[in-house]
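As structure tokens, one chain now follows by itself in the form predicted on its own.
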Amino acid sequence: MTSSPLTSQFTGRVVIVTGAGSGIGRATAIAFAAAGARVLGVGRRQDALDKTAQEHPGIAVLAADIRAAHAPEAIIDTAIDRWGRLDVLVNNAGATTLMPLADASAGRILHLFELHVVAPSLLARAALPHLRQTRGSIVNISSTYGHRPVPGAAHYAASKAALEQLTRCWALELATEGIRVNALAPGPTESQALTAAGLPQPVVDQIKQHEASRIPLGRRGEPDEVAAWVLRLADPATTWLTGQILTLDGGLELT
């Protein structure tokens, strides 16, 4: 990322980014580090995290499944032990799951809510004492489908809708302590999410082409474009913005 006014704002600050091994999470970790922050990138795959860390010396990584017992405490403790403070938590880890109602199962539904609702909640709880000290910020990564219906992926959309409501409620709950909570809701963005969902490449290509054709700006988003707005939401100079869901989807929400 090129130099910007954000650089001085994040110097010396500590940021945790989950899902930092690829896509939006990787771009966000790199952007924060380039803006002067010390970043702990968290993800399940050590090899993917290592590639993220290679992009900037300000990035340290921790391989962990955020759904695991005691993972929230371990993640927060790692950042505090290393740097002594925490300023920003970015709840980005997630999974795209196409699941028509006829194919829904309890296990797949629970997986989505554990990843998009339970794990971010417990990680935010573990981070709270440290965010109080720094009057820090939480940024949750939702989706345009958190507030826009999508056939064939209702439970994914519902889990993101829940994350958006958590954002609003936490913002009210924590405002008196100076902790801001906002969410970014990207539209279809270039990543490995569809492939990771187990879809064959021809299907992935077809979905991407269909999505791009429906977006008024004519293309899917890039992770760097999304990361830039994560930094804006977390910027400590953005002192009067909380409880907001910013949709970044090339105009898809307008259609």
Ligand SMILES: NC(=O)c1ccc[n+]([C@@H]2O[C@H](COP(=O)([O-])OP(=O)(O)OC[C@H]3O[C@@H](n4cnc5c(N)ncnc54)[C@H](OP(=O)(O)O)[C@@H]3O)[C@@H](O)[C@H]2O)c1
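This structure is a prediction, so every number in the text was calculated from the model and none was measured. Numbers for residues come from their place in the sequence shown, where the first is 1.
The same protein also exists as the form predicted together with the named molecule; that form is not shown, yet it is the one meant from here on.
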Discussion item. I have 45, 186 and 189 flagged as a candidate spot, so tell me whether each of them has a non-hydrogen atom within 4.5 Å of the named molecule in the predicted bound form.
Written reply: yes
Worksheet item: Where, among 164-172, 78-86, 92-100, 125-133, do residues come within 4.5 Å of the named molecule in the predicted bound form by heavy atom distance?
Response: 92-100
Discussion item. How about residue 65 - does it come within 4.5 Å of the named molecule in the predicted bound form, if we only consider non-hydrogen atoms?
Written reply: yes
Practice prompt. Please check if residue 160 has a heavy atom lying within 4.5 Å of any heavy atom of the named molecule in the predicted bound form.
Written response: yes
Worksheet item: Can any non-hydrogen atom of residue 247 be found within 4.5 angstroms of the named molecule in the predicted bound form?
Response: no
Worksheet item: If you check in the predicted bound form, is residue 115 within 4.5 Å of the named molecule, heavy atoms only?
Response: yes
Discussion item. With the partner left out here, which residues of 23-41 have a non-hydrogen atom within 4.5 Å of the named molecule in the predicted bound form?
Written reply: 23, 24, 25
